[in-house]
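What follows is a single chain, given as structure tokens, in the form predicted alone.
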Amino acid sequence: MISKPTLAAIRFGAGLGPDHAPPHGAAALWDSLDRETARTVPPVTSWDTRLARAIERRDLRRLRRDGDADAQEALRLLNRSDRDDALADLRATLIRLATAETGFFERLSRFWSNHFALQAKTGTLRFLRAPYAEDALRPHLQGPFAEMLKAAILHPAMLDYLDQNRSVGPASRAGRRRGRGLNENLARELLELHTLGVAGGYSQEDVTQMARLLTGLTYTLDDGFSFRPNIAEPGIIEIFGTRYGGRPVTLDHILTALDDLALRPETAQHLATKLARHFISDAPDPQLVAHMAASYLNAKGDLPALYRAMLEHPAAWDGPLSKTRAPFEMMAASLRALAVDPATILGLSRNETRRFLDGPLRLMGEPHEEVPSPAGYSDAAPAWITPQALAARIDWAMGLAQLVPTDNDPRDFIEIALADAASDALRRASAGAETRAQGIGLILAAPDFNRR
């Protein structure tokens, strides 16, 4: 049976490693949150930097169309800088997880980044995921869900991804003048993915009414987020029996609706189920989910209450490790187990990052700065298990073991990397490897290490 410290480190944290004592259960994980929130971490590119480059890119494209001979080269260099910074963001976020005290905060950050999934959609705004998470999500990980929801939904990156700039109230001044109408993308994902969930009991009419209410939300590269009354649908809009809007329509009407969505029982159930499914099991214990949802509602949507309820319930500590580490998490856990110097990863060149991190992540099925849909990546364990993805994991693990100097005997390393989560079969196989590097690689590539 796996001990509680081992389970805590692997199921809820970044994994085991020689430089990090495993947390001794729920209290240690909980206590680490404040310290991990406050710690100094490698920075990622700021949203303001991405926005400034988008403005510059737009202006250079205009100059190029006007025949400016230097604009094309300036545009090439700008795009290269953006790509280089995206690779730097990959290195930084990987090291954040690999070197965290327990990794619980960083795991939560990854969960919410996937819950509010997006990626760059236009040629002007690029590489948005890391700056968006830094700007809209990480500051709210330990606050009310309503605050995170509002920061996420109103962020220019989300408005761009879900085409909110195309949504105009049909009866608004702009709608009547231009003959434009609703775009329901943001409203649909708000209900289906971000709050109530697919089983939340809403109808197509609810989606349409929510889309009417959300008109007015927009952004420009020069001004950022704004609310424009001239495109907002005027009048009273009823959603789930509550009336919003009026004449004039204001941003406060939308914010009130988001506050109300955050506190609906369906939202509590959706968030609790999704969080438990992410950390614990593809089919989490119904009593655990019910306890989490009730705690969330009793705390008026406070996210720490949701986390604490998960950690304190006995079902969170039952059962075998049945989830599969996502490729990014597998990489971070490997670096942690081998105690790779963070400076080694942060100092990788552009080509080294592409060859060692970016390319392998794509082959494993989790390309950096991309998501398969607004629903993000699946939490189901089989989603990561394909022939190509498994081959890529094995290749990367064996390659890392060859590249990283280590004096570890595989018989010692398996205790560092897996402790009592290692199977007897893996212990025998790694001990019998022809070389130490092969033994280390075998451990990192094994199902035992890739489970969480």
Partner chain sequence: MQQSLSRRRFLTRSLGFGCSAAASPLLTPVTLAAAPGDNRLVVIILRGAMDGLDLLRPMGDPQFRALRPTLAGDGLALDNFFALHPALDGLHPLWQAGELAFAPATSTPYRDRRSHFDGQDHLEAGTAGPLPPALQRTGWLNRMLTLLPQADARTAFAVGRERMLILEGQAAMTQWAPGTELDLSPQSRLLLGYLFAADPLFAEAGLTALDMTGMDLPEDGEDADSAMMAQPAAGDTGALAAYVAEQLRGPTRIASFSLSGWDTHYNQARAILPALGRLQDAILTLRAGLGPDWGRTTVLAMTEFGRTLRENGSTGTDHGTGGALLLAGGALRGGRMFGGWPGLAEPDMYAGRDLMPLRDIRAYAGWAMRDLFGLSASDIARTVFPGLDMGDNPRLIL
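Treat the numbers as computed from the prediction; the structure is a model and nothing was measured. Residue numbers count along the first chain shown, from 1.
As for the form predicted in complex with the partner chain, it is not shown, yet the points below apply to it.
- Only one listed stretch (58 to 66, 45 to 53, 28 to 36, 388 to 396) carries heavy atoms within 4.5 Å of the partner chain in the predicted complex, and that stretch is 388 to 396.
- Only one of the listed residues (308, 354, 166, 264) places a non-hydrogen atom within 4.5 angstroms of the partner chain in the predicted complex, and that residue is 166.
- Checked against the partner chain in the predicted complex, the candidates 290, 255, 74, 381 yield a single residue with a heavy atom inside 4.5 Å, and that residue is 381.
- For the candidate spot formed by 21, 101 and 128, no residue has a non-hydrogen atom within 4.5 angstroms of the partner chain in the predicted complex.
- In the predicted complex, the partner chain stays beyond 4.5 Å of every heavy atom belonging to residue 327.
- Using a 4.5 Å cutoff between non-hydrogen atoms, residue 221 does not count as a contact of the partner chain in the predicted complex.
- Contact annotation: residue 234 falls outside 4.5 Å of the partner chain in the predicted complex, judged by heavy atom distances.
- The shortest heavy atom separation between residue 182 and the partner chain in the predicted complex is within 4.5 Å.
- Taking a 4.5 Å heavy atom cutoff to the partner chain in the predicted complex, none of the residues in 62 to 88 make contact.
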